[in-house]
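Two forms, one chain: they're shown below as structure tokens, one block per form, named structure 1 and structure 2.
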Structure 1
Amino acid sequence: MRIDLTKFGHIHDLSAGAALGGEALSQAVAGRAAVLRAKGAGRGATVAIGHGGSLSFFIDLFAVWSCGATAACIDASLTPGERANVSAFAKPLLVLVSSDAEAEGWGVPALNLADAPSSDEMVVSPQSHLDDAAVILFTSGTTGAPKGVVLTFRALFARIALNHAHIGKSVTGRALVTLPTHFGHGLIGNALTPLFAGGEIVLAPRGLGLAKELGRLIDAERITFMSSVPTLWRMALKLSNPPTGGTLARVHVGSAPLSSALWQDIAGWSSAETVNCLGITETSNWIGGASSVKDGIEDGFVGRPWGGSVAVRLDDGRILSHGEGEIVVQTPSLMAGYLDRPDLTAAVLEDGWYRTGDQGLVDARGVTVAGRIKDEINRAGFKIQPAELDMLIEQHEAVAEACAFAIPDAVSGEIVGAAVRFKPGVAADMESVKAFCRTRLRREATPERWFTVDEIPRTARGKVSREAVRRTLMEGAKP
């Protein structure tokens, strides 16, 4: 795929102390693409990128694309077991890494392209097509059956063009990237949208350090635009003084519910137009948003769509233009489907509508999200499938049954709890179960609260309800 990288602004990598843009970026990409092409990367091949959040990640990504191949952007913090599971499913030709530690576990050759020489000659894959897969982003299934969202170049370009049209010129300045690049919100919304608009991006170290330094960083880097999750803001509002430089024009918040109180606090701290976004990886990230300035601040309100349509699906399957029900969307940035999982794809794509799993209201003003239908845990914006955790925990030799569930949390929104019933006659060694999970699960998916139970609490009808488990254990028992 030909992408004119010479029109991109600079990518500033604060951790590496490096920056690259325009012609030099294009030459660095051309050099790495030549190596990849020699290794067989081309149309129809998938190249995994097992590192992220850096200038080197973006050079690798654009190199994969210029070969006409598909980039599977994978969380660098996966355990070796999780890498093996995802790799066996995605079947990449090879995996690109940035360190020896990242090379373990993939089951395919790992390659570090950091030393590839730049090249003046950018060879463009003659066969690449707009409807080829550009990226695969895994939203779950690192231990169980993987769920990889396949986004075509057409979907990506449509999303980016619509974002430009609806967001405006703030993205052509300097955007602070606060989110992981294996995450649709971080990659497409926060990074590619500004880059394709000719803007610059600033890649900052994440976590507590970012929260403490946020105001100072916005001033020092003259940031005009940023997007993040509510959790970062809960941290930054407590730890950082606000910016004083007046550069920040627009803030997006998404990937988890944003209360009107926090929304108001962010708008006050940032002195910027603050937008509560509706975005889903399956739709190439943001598909709409409500502005603190133009729309007003209101619990769950995410405004009108940025291109495409929204409607509600009733329990009987009817789609209505207005009303309450499951939010469904049609958008040119919709995924092609889940990688090699037509069963999962069919469950969410219905007559051209994508079922978001969000319950809410659609009216003349736009969309108001009331809650989730899907049974997932949202820990600081990261979606975790509890059934996947159940199955992993039940692989421990002493566990008879497990039930993971969401616990409300003031910082993360939700954290992961797990109820465990041990097999009769074996020692109830929870420390052993925790250790078992720590070596097999990335940090964000590992349960933080554990409960030993004689029986998994059930509803009056005898079914396991994760909400019933949460209520019983959090309100009636001690961990």
Structure 2
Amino acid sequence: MRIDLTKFGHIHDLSAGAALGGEALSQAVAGRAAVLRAKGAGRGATVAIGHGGSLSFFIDLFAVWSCGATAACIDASLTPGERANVSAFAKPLLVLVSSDAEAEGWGVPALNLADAPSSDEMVVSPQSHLDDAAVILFTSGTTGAPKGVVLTFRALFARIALNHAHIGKSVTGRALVTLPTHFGHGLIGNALTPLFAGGEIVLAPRGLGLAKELGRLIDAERITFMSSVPTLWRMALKLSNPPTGGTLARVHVGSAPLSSALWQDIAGWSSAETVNCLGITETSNWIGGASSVKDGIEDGFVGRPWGGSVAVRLDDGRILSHGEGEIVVQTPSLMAGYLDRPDLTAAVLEDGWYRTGDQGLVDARGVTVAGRIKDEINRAGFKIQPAELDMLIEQHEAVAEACAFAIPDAVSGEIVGAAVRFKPGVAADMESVKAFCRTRLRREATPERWFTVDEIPRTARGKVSREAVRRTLMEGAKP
């Protein structure tokens, strides 16, 4: 199995002020791979990469693969205690770092390969097979029992090929990478998909600075494609002027629910085709997406699958091609399973179908996602999807963000609470929001307790943390 790096475009690292591609990239990878082989890296071994978002990360990743080993991509911001926990579970041969600070706490040797000499050795791993594990991506459990998604080379390459077929290679000619490379969204969708199409990627510093500079950066770097999460867009729409160069052709948004209002604002700001994507790490990132240009903008709509099949699973276990229920997926890009967790794997894989945990509708148009089943609010037997409430409340002209959540109740079991962040400079008129909801929601779904907040907590992946919202507000925030 061979990955020909000479056919890639350049990887531009704006923070390091460096770029590398073609033969130079191939030689840099070969030099690091030679060091890894001398350390015992080969087929069946796992090498952790404890840094990310840089040119050095990609050189390390390709070096691991060229040895025939598996890359465990781990969040560099973990504490030493979290690193030790993940490392003890993944059992890597060693961990690759880019600084002394990143070397602490792993419990296995740490190695910085940045000073490895380049080599003319062919970047090829004859020991590797398509069904070998290519990457392990951790989605939870850094302080408890880790959940590591194992993706084979076959699944990874299938996803990238399907992305090329449904997106088009030309549109990804110059991609802005805005997401962490230990995320499936950032690594596979945002970075590897353009690279394997022969495109170039631009690695940008993340955070508030990126949001402020987004429009200028798109123009300065002649970006044609980018993919990110709703959190970045909420900041960018407020802080950054739109691009004016006309190069941006396509924008993907995923990893968290996207309201129709925010979707419309992104499409207007970017002047680009804006796609609301359904993506899951367990399916090697994207399953499909709905285009603002071809499909229209609608709350929860994520369109048709990009390869494979989607269906719904009913509570009695039946699988139907159309209807309402839990969204299930069959795809050639499906994970091999969770690392050393057959119990978790068996819970989500049934007869070739992956249970997404999303409640929704599948019809002739495609998939519409209502929300996460585990977030469902059960109010005296009435089932309520909080993500649907979020999107409805955010339709109010004064609301920037909303988060609905369950509140324990002695009579109903659970009642509905809602946290609202108002737009800056707009009068915080909660009575107006309540009236807006009463005319649009059945009584059982209407929130009973309302909270005004300055910020809505999110996970590292940009998703609303309903548990954090509930915990914070129930500890004494003023309703």
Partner chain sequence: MSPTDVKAFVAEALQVDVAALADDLRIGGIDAWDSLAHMRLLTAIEERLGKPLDAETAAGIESLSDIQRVLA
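Predicted, not measured: the structure shown is a model, and the values here were computed from it. Here, rigid core means the biggest group of C-alpha atoms that superpose within 1.5 Å across both forms. Numbers given to residues start at 1 and step along the sequence of structure 1.
The form predicted in complex with the partner chain corresponds to structure 1; structure 2 is the other form. Superposing C-alpha atoms between structures 1 and 2 shows the smaller rigid body rotated by 147° with respect to the larger one. When the rigid core is fitted, Thr172 shows a C-alpha shift of 3.7 Å between structures 1 and 2. Fit the two forms on the rigid core and the C-alpha of Val416 turns out 16.9 Å off between structures 1 and 2.
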